[in-house]
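The chain below stands alone and is given as C-alpha cells, in the form predicted on its own.
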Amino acid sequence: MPTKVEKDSVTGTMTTGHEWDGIKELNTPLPKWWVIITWITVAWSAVYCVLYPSWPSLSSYTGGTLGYSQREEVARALQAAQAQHAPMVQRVTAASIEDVRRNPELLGYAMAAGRIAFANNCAGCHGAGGQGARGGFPSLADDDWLWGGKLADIQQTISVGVRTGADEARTSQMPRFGADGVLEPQQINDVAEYVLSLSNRAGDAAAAQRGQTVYADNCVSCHGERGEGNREFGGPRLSDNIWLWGGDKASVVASIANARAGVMPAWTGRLDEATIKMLAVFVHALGGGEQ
C-alpha cells in the first residue's frame, strides 16, 4: 500500500513510498557505471543495425551500409580452403588408388581427408571406428566383406552404393522363403539350425541334418556349399559367426523367412572422385582391408 516517503532508519536510504506487509521499498538507484554501460550498449546496437544486416522484412532483410554478408564470408573461406588443398586433390585424382596407397605423401593426405569424410558421411551408419551395428550396418574393421575388401572393391562399393535401384549399384536379393511360401515353417526352422551348425551353434542336431538338404536345394548358389559366401552375388558368409542382422536363432529364422535388404547410397555425384578415393583408402586401413 502507498505510504509517505521517508528515510529508512536502518540504512539511511529514502523509501519509495511503497509498503507491503510491513516491508518498505527502498529507493536505491542503479550504479552510475551500470547505467552508463547500458546506454553505451543501446547506442552500439543502433549503430550495428545501421552498419550490418539486422532487421527482417517481408522479402529479405536490411543489408547494412557496410554490405557485409556472413554467407559470402563462409563462401570465401571455403574457396580459400579449396585453393589451398587443390594441388594435393589434383594429385590424388590423377593417381590410381593403388598409387595413392603406395605413395607416403599421398597416403598421409588421403588418410587425414578420408577420416574427415568418413566422420561426415559414413559414421552415422558404420560407427565412428567402422565397427558397424546390428541391423544391416556392416563392420568395416574386420575381414568379412560382401563384395570384396581390396582397395578397388571398396572404391567401387562407395561409388555405386548398394540396392539404390541404379543399374550399376551393388545388388543382391535373397528370396523371402517364408513370406512368399517357398518353404514351410518347419523347413525354415531346419535350415536355420543347419546355418547355425556352420559356426558350431546348432541346438537341434536332427533339425540341422534335415536342414542340410533344404540348404543344398535353395541356398548353395549364393552362400556356398559350406556357407563360405559368394562375393560375385554379394552372398554373406554364414560360417564365421559375423552377422548383419543378428545371429541368434530367431534372427536367422526371420532373415530366411522375410529376407533383408539394406541400402547404402551411391556417393558418386555426392562426393568428388578424390574424396571417394580417399574414403576408400581410409576404410581399407580400418583393419579389414585386403591386399
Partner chain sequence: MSTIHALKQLRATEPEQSPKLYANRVKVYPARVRGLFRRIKWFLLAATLGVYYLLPWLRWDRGPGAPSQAVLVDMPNRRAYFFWIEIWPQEVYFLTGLLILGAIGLFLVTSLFGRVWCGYACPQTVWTDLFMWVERAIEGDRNARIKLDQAPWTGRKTLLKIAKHAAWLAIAAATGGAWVMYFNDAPTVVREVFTGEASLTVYFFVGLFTAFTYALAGWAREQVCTYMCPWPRFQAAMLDENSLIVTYRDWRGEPRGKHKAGTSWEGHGDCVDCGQCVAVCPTGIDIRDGQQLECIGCGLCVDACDTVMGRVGRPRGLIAFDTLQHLDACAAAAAPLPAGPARLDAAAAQPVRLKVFRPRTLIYAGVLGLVCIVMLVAFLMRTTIELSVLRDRAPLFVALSDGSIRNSYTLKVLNKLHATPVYALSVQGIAGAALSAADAERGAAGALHLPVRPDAVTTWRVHVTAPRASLGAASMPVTFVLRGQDGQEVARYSSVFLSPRP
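Residue numbers count along the first chain shown, from 1. Bear in mind the structure is a predicted one, so any value in this text is a computation, not a measurement.
Keep in mind that the form predicted together with the partner chain is not shown, yet the notes after this line are about it.
>> Please identify, from 80-88, 136-144, 160-168, 216-224, the stretch that has a heavy atom within 4.5 Å of the partner chain in the predicted bound form.
In response: In the other structure, the partner sits against 136-144.
> Which pick from Ile242, Ala254, Leu51, Ala261 sits with a heavy atom within 4.5 Å of the partner chain in the predicted bound form?
Replying inline: Of the listed residues, the single hit is Ile242.
> So in the predicted bound form, does Gly129 come within 4.5 Å of the partner chain, heavy atom to heavy atom?
Replying inline: Because a heavy atom of Gly129 falls inside 4.5 Å of the partner chain in the predicted bound form, the answer is yes.
>> Within 4.5 Å, heavy atoms only: does Met174 come near the partner chain in the predicted bound form?
In response: No, Met174 sits far enough from the partner chain in the predicted bound form that none of its heavy atoms falls within 4.5 Å.
> So, in the predicted bound form, is Cys125 in contact with the partner chain at a 4.5 angstroms heavy atom limit?
Replying inline: Cys125 lies outside the contact set for the partner chain.
> Quick one: is Val182 in contact with the partner chain in the predicted bound form, heavy atoms, 4.5 Å cut-off?
Replying inline: The answer is no: Val182 has no heavy atom within 4.5 Å of the partner chain.
>> With the partner left out here, which residues of 93-118 have a non-hydrogen atom within 4.5 Å of the partner chain in the predicted bound form?
In response: The stretch touches the partner through Arg101, Leu107.
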